[in-house]
Structures are given as structure tokens and as C-alpha cells.
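Take a look at this single chain in C-alpha cells; it is the form predicted alone.
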Amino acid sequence: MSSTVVAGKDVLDKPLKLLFPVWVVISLLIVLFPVYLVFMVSVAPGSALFGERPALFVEDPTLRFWNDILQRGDLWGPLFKSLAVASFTTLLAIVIAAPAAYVISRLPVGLRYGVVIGLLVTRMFPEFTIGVSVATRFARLGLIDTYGGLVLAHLIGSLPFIAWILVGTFETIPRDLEEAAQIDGASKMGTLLRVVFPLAAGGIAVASLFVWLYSWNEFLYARLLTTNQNTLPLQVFQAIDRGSRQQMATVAAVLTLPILLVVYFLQRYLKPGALAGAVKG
């Protein structure tokens, strides 16, 4: 009987192993095709896109639209502002959420899940309703058209979500490691910095990526709290509203490039099985 079960399992495993690479390739094509279209449109002459037979491949690419956007000089300010706001938001979010999530992960199970559900409930309110209230209060505090105002506004949306991610990360770290470090003479803070946080690097990297992407692409708060210097998403909106399709695609490509760089930088930390073999015996 057991040999029949094993044989049946082998029969199922072989097709699955053959289909898995196909599934990966199809998934990559679905994800990357819109990115390819954005970059293709940004270097394509109008005749290649809007003729009788639009092409998926550009035979005579042009950098004219890139030159126009870069030489116009109105892109660098929004680019720097978006980079600064996204980076500071991510740094502050991790500094605030990581210790809080660790404490929550060490609470009794019932209390822990009550706190986690409370964090998620805060994300169920309509973003626009919260945004209008925040903009009204920030206007009274003089935080309109300031970097600090945008960073604080972005923290409102990102802190509950990444705290939820990090609670799950810290739950996977065995307490035996902390006890062993403290027996060896490490303080509570030393244990966190030298043992717990390095083991949670994968989860922290995932949380950082989510926060950075959320802040980088955020539009509502940028719209409500900005009257002078745009962020890059607002600049893309203006290109859509006023510019040609190629100009719109070029600005969108500029918006996409830093995302690719950040994902490439953080992917080295996104490794499964980081805790494998951490505790023996």
C-alpha cells in the first residue's frame, strides 16, 4: 500500500516540477510587461505607436523625450523630494515599529493578537477621510509644504502595516536564543541589537521595502499637503494631464527606476530559511 502511495506521489511530482519553471516565466512576463511598455513608449517615435499597426518592439528608438524631460529642469526637485521623504519615512518607521513589534510579539497570545487586530483595524478607515483630517490639522501646525509634514503623514499609513509584518517576523525567533545570549552576559538591548534584529533582517527588509514603496508612490497626502514643490507622483499626474503620451511614459519611467534599484539592493536580504539551524538539539 505504501509503495503505491509513493509511486502516485512521484507521478504527481514530476509534472509539477516541469510546470513550475513555466509558471515562473509566465508570472515574470505578466509582472514585467507593463514596465517594458512604459520604457518602450518613452523611447518610441510616435509613428511606431500610433500608426495602423502599433509595434511591441522599437526599431528606431529615440532619446528625444528623455532629453526634453531632463533638460527642462522641473524633474530634479520632485525626484529629490520623493527620495528624501521616502527614505526618511522608511528609517523612522523601522526605528519606531521594530522595537514596538518585538514587544508585541512577546506578549501573551490572546493579548498579542488583540493588539495586532487593533493595528489592522486602523487601516480599514477610508484613506481620503483620514487625509482630509490630517491636512486640516497640519495646516494649523504649519506643516503644509514641508518635508516633515509629508513624512509624518506617510507614517500614519505605514506604521500599522509594517508593525503587523514585524510581529510575525519576531514570533519566529526562538526565545532560547535570547536566553542563551543573556546567560552569556548580554544585556537586553545588546540581545536585541546583536541577536534578534540580525535574525529578523529578512522581515525588516520586507517591511522597509513596503514602507519605501508606499511613500514613494503615495499621491493623496502629497496632493493635500503640497502647494509648491511637487513630489514625483504629482509630477507624473501633471505629465498625464498636460503632456504627450511619450512625455508621460518618460516621467513614469523615471518614477520606476529608483524602485528597481531599491528592490535590487534589498533582495539580498530577502532570503528564506534565515533561521534554519539557529537552534540545535
Partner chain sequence: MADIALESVTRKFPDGTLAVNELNLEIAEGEFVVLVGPSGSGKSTALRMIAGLEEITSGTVKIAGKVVNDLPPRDRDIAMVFQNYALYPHMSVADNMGFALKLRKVPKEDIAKRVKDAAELLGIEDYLQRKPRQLSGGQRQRVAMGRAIVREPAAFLMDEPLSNLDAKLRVQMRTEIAGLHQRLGTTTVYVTHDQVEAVTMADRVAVLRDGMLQQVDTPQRLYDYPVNLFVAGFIGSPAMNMVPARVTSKDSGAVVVFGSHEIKIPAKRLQASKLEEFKDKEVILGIRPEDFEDPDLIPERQEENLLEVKVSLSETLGSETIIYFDVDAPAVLTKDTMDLSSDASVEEAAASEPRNESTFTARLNPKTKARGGEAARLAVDASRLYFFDPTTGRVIG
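Residue numbers count along the first chain shown, from 1. All figures in this text were calculated on a predicted structure; none of them were measured in a lab.
Just so you know, the form predicted together with its partner chain exists too; it's not on screen, but the next bit is about it.
*Asks:* Quick one: is residue 94 in contact with its partner chain in the predicted complex, heavy atoms, 4.5 Å cut-off?
*Replies:* Outside the cut-off, so no.
*Asks:* Taking the shortest heavy atom distance, is residue 74 within 4.5 Å of its partner chain in the predicted complex?
*Replies:* The answer is no: residue 74 has no heavy atom within 4.5 Å of its partner chain.
*Asks:* With heavy atoms only and a cut-off of 4.5 Å, decide whether residue 176 touches its partner chain in the predicted complex.
*Replies:* It does: once its partner chain is placed as it appears in the predicted complex, residue 176 has a heavy atom within 4.5 Å of it.
*Asks:* Do residue 114 and its partner chain come within 4.5 Å of each other in the predicted complex, heavy atoms counted?
*Replies:* Taking the distances in the predicted complex, the answer for residue 114 is no, it never comes within 4.5 Å of its partner chain.
*Asks:* In the predicted complex, does each of 183, 186 and 195 have a heavy atom within 4.5 Å of its partner chain?
*Replies:* All of them do, each having a heavy atom within 4.5 Å of the partner.
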